[in-house]
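Next come structure tokens for two forms of one protein chain, structure 1 first, structure 2 second.
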Structure 1
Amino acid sequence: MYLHIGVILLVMAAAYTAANRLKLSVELRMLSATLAGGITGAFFHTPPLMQLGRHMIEGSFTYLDVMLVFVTATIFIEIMATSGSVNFVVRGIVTTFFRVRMLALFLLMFVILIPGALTGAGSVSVLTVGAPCALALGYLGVSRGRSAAILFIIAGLSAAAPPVNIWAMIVSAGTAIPYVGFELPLGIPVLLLGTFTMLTLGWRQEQRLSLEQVLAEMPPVPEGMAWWRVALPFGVFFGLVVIGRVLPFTIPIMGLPLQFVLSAAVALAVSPGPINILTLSRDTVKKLTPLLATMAVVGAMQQVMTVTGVKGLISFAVISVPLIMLYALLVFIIPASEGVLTYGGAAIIGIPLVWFLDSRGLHATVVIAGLSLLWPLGDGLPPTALIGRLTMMVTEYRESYISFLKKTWIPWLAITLVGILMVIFSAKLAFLVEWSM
């Protein structure tokens, strides 16, 4: 059995490489690998050929709701950008905090942390506040590359931050460990690491501009723009999220897509100028299609890998290595699993790993918290590089992807170290869980 699963895995890798040679995009490379793996599997009747299409399409449903969040959140932020709100906000931040630079950086960190913390998706941070924050960082003297690095790392931390952490939720749900007591084990490292990132990447002022110069360089504010026109749509969004949490038994379940749609409707209503929502939506969906396709294909790939046994073999390999080696490997495996499978990595590797470590006497909640600091790093790794690519898009950083990634190395290392130490010393950190409850 090992042999035939190994053959399927090799065929998938070969198809991926061949698709690369044919200059296919990363989504189509993954699709080729999936299709090739599935067809090879069908020779062994795993899956039966007539079920292959069903498995691929069923897999593409795995992240359907996440796809709708992407679409609605991006349409919302595109409306805000088109209405001129973004320029207005950037101007405001820079004018108010130009002279107290470290305070400005610290406040910007919170601005980036909040949307991702509330939604569990770093992409929401990048999409809603990424562009204005990157501009603000630029005017505070941080180079474009470092701004992109800051945005990527803080957005990743925001996804790991409490109250909503999707990786922890997936692993908790799969291991029947309650999703409670994560506030301090996640909150404290996120704040420390976020501050550390702001200090290391933002400390150096690479360009010196006077306030007059900065303001002159900034895009003009549209006629009739005012603070309330910016605040109201965001207020509606965060209001809906907060009210759903405070009054969960009186407010019906809305879900993030509807919350974004309502906020978008408000944004549209208070925009000072007219916006053509149809062409704006069409162009937003066009821009998002590669990311949406990534989500669909990752789901299909995950399912084909499961039904062929490839996923099982990988997860077998992970839990068969000795404990010490496992700790060392986690540094690479956890981010890499996210890079290849997005949230699928938490399911495929996270669930058996946490069971295994739990049975070795580690504290499961702290282990999950530690691991979930590492997963967001993988959102910058190919083939998906989901948040990394979004960050590049939003910050308009035009250099190579590798050069962007290199700029993140110091916080990357710090996050890795903290995450792994949390896993190893989880039993000693159990008090954080108790204090949270």
Structure 2
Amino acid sequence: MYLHIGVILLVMAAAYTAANRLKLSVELRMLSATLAGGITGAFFHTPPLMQLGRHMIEGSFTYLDVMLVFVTATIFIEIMATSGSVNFVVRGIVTTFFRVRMLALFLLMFVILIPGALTGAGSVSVLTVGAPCALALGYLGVSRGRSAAILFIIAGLSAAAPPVNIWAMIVSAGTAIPYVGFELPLGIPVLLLGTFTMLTLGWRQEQRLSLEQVLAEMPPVPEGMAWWRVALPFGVFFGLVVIGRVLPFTIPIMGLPLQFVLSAAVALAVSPGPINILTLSRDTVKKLTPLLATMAVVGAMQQVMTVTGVKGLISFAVISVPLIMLYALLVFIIPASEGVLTYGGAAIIGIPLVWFLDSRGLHATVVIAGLSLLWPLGDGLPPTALIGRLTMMVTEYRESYISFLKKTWIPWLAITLVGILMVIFSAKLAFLVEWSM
């Protein structure tokens, strides 16, 4: 049994490596590994060849609800950005708090956090608010290298922040744990680590500009834009979320996709200028296609690895490692799995890991929250380096990629330490889950 499962695993690894050598996208690499593993498993009748197609299709729909959240949330954020809300908010922060730098940096942190927190993708934060926030950081005296480091770290934390955390959703779905109670276990560390990042990387003012120079260089704001146009759509979204929690037996369960659709409709209605919603939606889905493909392939890979026994072998390997050694290895395994497999790391490594730690008396929800702080770090690691590459592009940072990563080392270590400590002491932090529910 171990022999044929090991052969399947080696074939999958070889197929992924070959696809990587051919410079195929991450989605095609994972699809190649999945097909190779399924076909190899068919030789051992796990699964039979005639059932491989069913498992591939069935698995690709595993995270359909997550994909719906992705699309609807990103359309909402794109409407807000297209209407001029982002430039309006950034300009307002710089204008009002130009002489109170740390407060301005703290508010910019929230601007970067919100898109990723609502969509579950740090890349959305980089693409929608990255450019204006990077400019604002430069106007506040932060060097381009440190601005890039801030944007990368905060965008990664935004993907881990509530209400939408894709890694937590994947692990929760695979371990039959309800996706509830994550607000405080994720929200508190994200805010503390985000503030720490801003303090350590943004404290030193490396250049000084006058407010007049800054305002002259900032992007213009559409005529008629006002704070209420920015606040109302977000008020509708958070209002729908809160009222569903406060009156669970009175208000119908709408779900995040419908809540985002309603909020997007409000944002479209209050936009100061016309927005072609069909064109915007088409372009948004086109932009999200790689991420949606990743989710579909991750589901198919998870299904094939389950029926071939590979997932069970990985689970056995996880529980065979001494607990102390496992804690030390998490520092490297979790980010590396994200760097190679993106969200696939949560399905392949995260699910058996949470099963094992839960069986040892740790609190599963807090464990997932702690691991969710480590996965975004992998978005700066090759071969994918999704958020890292986007950050360098948006900030126009021209130095080497290694020099960019070196500037993130202080917050990187802080995030790693907090994430590991949350896993180790998860049972003692269970009260955060209770307060969230």
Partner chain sequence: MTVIMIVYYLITAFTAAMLIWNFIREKSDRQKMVLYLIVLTPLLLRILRIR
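Just so we're on the same page, residue numbers count up from 1 along structure 1's sequence. Take the two forms, find the largest set of C-alpha atoms that superpose within 1.5 Å, and that set is the rigid core. Given the structure is predicted, the values throughout are model-derived calculations rather than measurements.
Structure 2, rather than structure 1, originates from the form predicted alone. With the core superposed, residue 396 shows a C-alpha displacement below 2 Å between structures 1 and 2. When the rigid core is held fixed, the Cα atom of residue 265 travels 2 angstroms or more between structures 1 and 2. Remark: the rigid domain rotation between structures 1 and 2, smaller part against larger, is 16°, computed from C-alpha superpositions. Core fit done between structures 1 and 2; CA of residue 211 shifted by 2.9 Å. Here residue 310 exhibits a Cα shift of 6.8 Å between structures 1 and 2, evaluated on the superposed rigid core.
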